[in-house]
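There is one chain below, alone, in structure tokens, taken in the form predicted on its own.
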Amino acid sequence: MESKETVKRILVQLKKSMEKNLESEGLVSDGILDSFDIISLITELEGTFDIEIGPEDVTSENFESVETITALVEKCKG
């Protein structure tokens, strides 16, 4: 899936330490991504995929893993 690879690339660009955490299922709950990282990630995702992530979608569950982030991107793409 192209979106998943793009999400991985964006995560590593935002936070170099993400390279070793890309398979984590607890990016938020394990403290790998903090609130600032999530805001930066949302900005990058919106620009890269030409989507809008609404406030109702900004939940820790949507940012727990590469899979949940990719699912959010796909949902916002329509």
Partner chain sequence: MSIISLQFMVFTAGVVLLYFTFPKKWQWAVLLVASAAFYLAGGWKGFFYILVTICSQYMIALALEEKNIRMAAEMLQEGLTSNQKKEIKRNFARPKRWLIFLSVFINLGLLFFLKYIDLAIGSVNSLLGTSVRTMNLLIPLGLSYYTFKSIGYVIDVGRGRVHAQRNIFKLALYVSYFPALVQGPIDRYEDLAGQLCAEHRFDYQRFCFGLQRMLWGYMKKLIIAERMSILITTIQDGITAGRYEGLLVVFMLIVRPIRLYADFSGGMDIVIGLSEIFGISMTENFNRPFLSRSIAEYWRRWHITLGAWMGTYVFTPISLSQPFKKLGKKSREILGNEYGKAIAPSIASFITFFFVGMWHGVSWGYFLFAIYNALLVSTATLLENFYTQCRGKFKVREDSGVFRWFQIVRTFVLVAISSCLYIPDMTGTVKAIFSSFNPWVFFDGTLYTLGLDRPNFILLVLSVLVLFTVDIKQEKGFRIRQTIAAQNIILRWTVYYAAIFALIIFGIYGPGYDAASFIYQRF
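Remember, predicted model here, so these are calculated numbers, not experimental data. Residue numbers count along the first chain shown, from 1.
There is another form of this protein, the form predicted in complex with the partner chain, and it is not shown here; the text below is about that form.
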*Can any non-hydrogen atom of L14 be found within 4.5 angstroms of the partner chain in the predicted bound form?*
yes
_Considering non-hydrogen atoms and a 4.5 Å limit, does the partner chain approach L22 in the predicted bound form?_
no
*asked:* Check T48 for me: does it contact the partner chain in the predicted bound form (non-hydrogen atoms, 4.5 angstroms)?
replied: no
*asked:* Considering non-hydrogen atoms and a 4.5 Å limit, does the partner chain approach E61 in the predicted bound form?
replied: yes
_Partner contacts for 39 to 60, taking the partner chain in the predicted bound form and a 4.5 Å heavy atom cut-off_ = I39, S40, I42, T43, E44, E46, D50, I53, G54, P55, E56, V58, T59
